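Shown below, as structure tokens, is a lone chain in the form predicted on its own; questions about how it binds or moves come after it.
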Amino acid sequence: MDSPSLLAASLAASIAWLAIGLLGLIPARESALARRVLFPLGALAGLALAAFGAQAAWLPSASLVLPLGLPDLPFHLRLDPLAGFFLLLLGSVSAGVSVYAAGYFRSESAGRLGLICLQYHVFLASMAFVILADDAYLFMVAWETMALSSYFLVTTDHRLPAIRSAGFLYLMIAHLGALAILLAFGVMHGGEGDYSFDALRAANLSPFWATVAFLLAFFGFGAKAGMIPLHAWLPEAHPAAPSPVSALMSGVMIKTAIYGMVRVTYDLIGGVRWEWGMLVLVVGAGTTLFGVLYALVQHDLKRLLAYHSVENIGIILLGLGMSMVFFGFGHPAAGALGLIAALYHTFNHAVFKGLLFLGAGSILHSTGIRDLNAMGGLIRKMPIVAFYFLVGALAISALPPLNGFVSEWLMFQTALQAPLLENGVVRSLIPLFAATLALAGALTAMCFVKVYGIAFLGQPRERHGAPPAAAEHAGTDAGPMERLGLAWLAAGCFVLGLFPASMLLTLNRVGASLTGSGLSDEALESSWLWLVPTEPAKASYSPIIFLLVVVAVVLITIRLVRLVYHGRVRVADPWDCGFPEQTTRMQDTADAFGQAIGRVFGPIYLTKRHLPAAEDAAPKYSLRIEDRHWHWVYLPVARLTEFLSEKVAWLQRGRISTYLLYSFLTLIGLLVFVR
């Protein structure tokens, strides 16, 4: 298809999501319509949108004006390579999540599931319109629709006070971010022309106002992405939402914020400055370390995954920051590599984090438990989920040959271009940010060793003397539709990891359309077997060869063990440290696993311990780790707001004479000061 046809088809697929959502409101006595028909239809619409986006990445841009909106302010649509890439991400990930949702919501009542179906597909359609929007008006309408529909999905179980609180916090920060984005568009508009993106591109902003627009956009989109200190909603809202919704929010929705950040910075404002990149690098490094360190001390599985979303947003910001620095100093090839690495990790995180949230959803659906300390031995009763969760854990830990390694390796290759920079201070700081990325990768691997070892391996754990919880009460493994959704995303981890050269070509096309610069010819001429980001003599990576070597080493090792130790293996109980009986309480808990990290990075955490009194008959020790940002940022703002509200409240005396006096004084003021 040509570009205009692809734009029309993408619009049709987005409208199809809206229609599917409305069909969910059809009165039905059972939920079979939504589960067996509507959610699978939504998955097909996602696949179609992904196919259109993949083609659009290689074609010229196309525009369309819709006969909707306000007088003299119609809706503008545009499909270019950047929008095509994010439509590919949205469609492919949502297809797997929608198939999974068809099995996950099997126990929901018809009326409640119909409402969830509406909100779910409006959420998907609004994200598509955010990506396709080509004017500030449609962008903000779609952005707010995305926020409201996701709010209702987060508060699906709104009868619980904690979920209502999480939803309110999410909505408040989302609207603060939306206000900043609206102000950024206003600065770029400058009071001239219309609000179409073409007019914003043509605006000739001074360096000062360009920086103001960038800072507003960075704040606004960062609030939705979950960068510190605007992340507070994310570890609250993700655990509160149903697991398919958590997968979409973490995998796709926060990536629309990355889309907005790239669109505004590289496309609408243009003229990227290296100072902007340094700010993004500092915030990205802080977000990365904060997210992974707080994930390590969590024992709520979904909350742990939410903090890893914060971490991976930081990793994406590291790639974007390095790209801005190199573009700002006049090194477009290195800048394009950083942008490609950031976009690649955006896609990778969407896939493996969606897989992990769906795996957590299957555990919660089967056991009713999110607490790692109550799990254990799930691999015996949920082997399918255990396998797919392992794939996601290896991918997020950036272990080759899965997809997480490729994008982080590209970021390291970007950092190795630091000698090109003329500024000595910046040149020396880039390796420090790369070291931050390396430390975060090691801590992530440690965290998922904890998660997988405690949840799936070992024996079912006892909880305060109660019978073993998770594994004993686990039902069947994931159902057929859930397995299909998990398999789809797991396959994405392998495909994006084993065949990165094709994605590199696509992302190079995206970067070139935004900045006019791309990778070197040597990098683009490499075969599908090798990933060459700069030059073959400097760096190259072949995931296929790496995989073959790993498989060969494993097979040879197994063969040697059987030949050498055949018939000589003796099985014995492990050393019990002198204890006569071994119970499940002797296994490490999630809290104990992260205790060493808690001591090393103690000042970062706000730790509250409850020590039992010596005379307690049944002593209990509790440990709670809180986010310092609540006490440094949010609580002071809340107290200030309450104080100002109390001071202003005296204006409302409830007397008609007082209000007439206000009106009289206002009229006098207008007569005096307004000419």
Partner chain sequence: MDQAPGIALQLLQSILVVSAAPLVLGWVNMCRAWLQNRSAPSIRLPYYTLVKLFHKDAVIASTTSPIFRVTPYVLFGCMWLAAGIVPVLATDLPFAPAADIIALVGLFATARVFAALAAMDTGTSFGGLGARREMLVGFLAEPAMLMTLFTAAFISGSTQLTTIVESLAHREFAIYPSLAFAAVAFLMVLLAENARIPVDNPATHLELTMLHEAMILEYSARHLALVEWAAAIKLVVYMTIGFALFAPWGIAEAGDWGAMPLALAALAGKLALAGAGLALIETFLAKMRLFLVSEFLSGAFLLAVLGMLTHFLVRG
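Quantities reported herein were computed from a predicted structural model and do not represent experimental measurements. Numbering follows the first chain given and starts at 1.
Note that the form predicted in complex with its partner chain isn't included here; everything after this is about it.
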Checklist outcome for this item: Students should find that, of V122, A434, V187, A95, the residue having a non-hydrogen atom no more than 4.5 angstroms from its partner chain in the model of the complex is A434
Checklist entry - Of the options T557, S107, S206, T476, which one has a non-hydrogen atom that comes within 4.5 Å of its partner chain in the model of the complex? => result T557
Item to check | Proximity to its partner chain in the model of the complex (heavy atom, within 4.5 Å), stretch among 598-606, 248-256, 195-203, 492-500 | outcome: 598-606
Checklist entry - Does any heavy atom of R159 come within 4.5 Å of a heavy atom of its partner chain in the model of the complex? => result no
Checklist entry - Quick one: does V212 come within 4.5 Å of its partner chain in the model of the complex, counting heavy atoms only? => result no
Checklist entry - Do V553 and its partner chain share at least one heavy atom pair within 4.5 Å in the model of the complex? => result yes
Next on the checklist: I'd like to check something about S366: if you look in the model of the complex, is any of its heavy atoms closer than or equal to 4.5 Å to a heavy atom of its partner chain?
Outcome noted: no
Checklist entry - Who in 378-399 is close to its partner chain in the model of the complex, meaning a heavy atom within 4.5 Å? => result I379, R380, L390, L394, L399
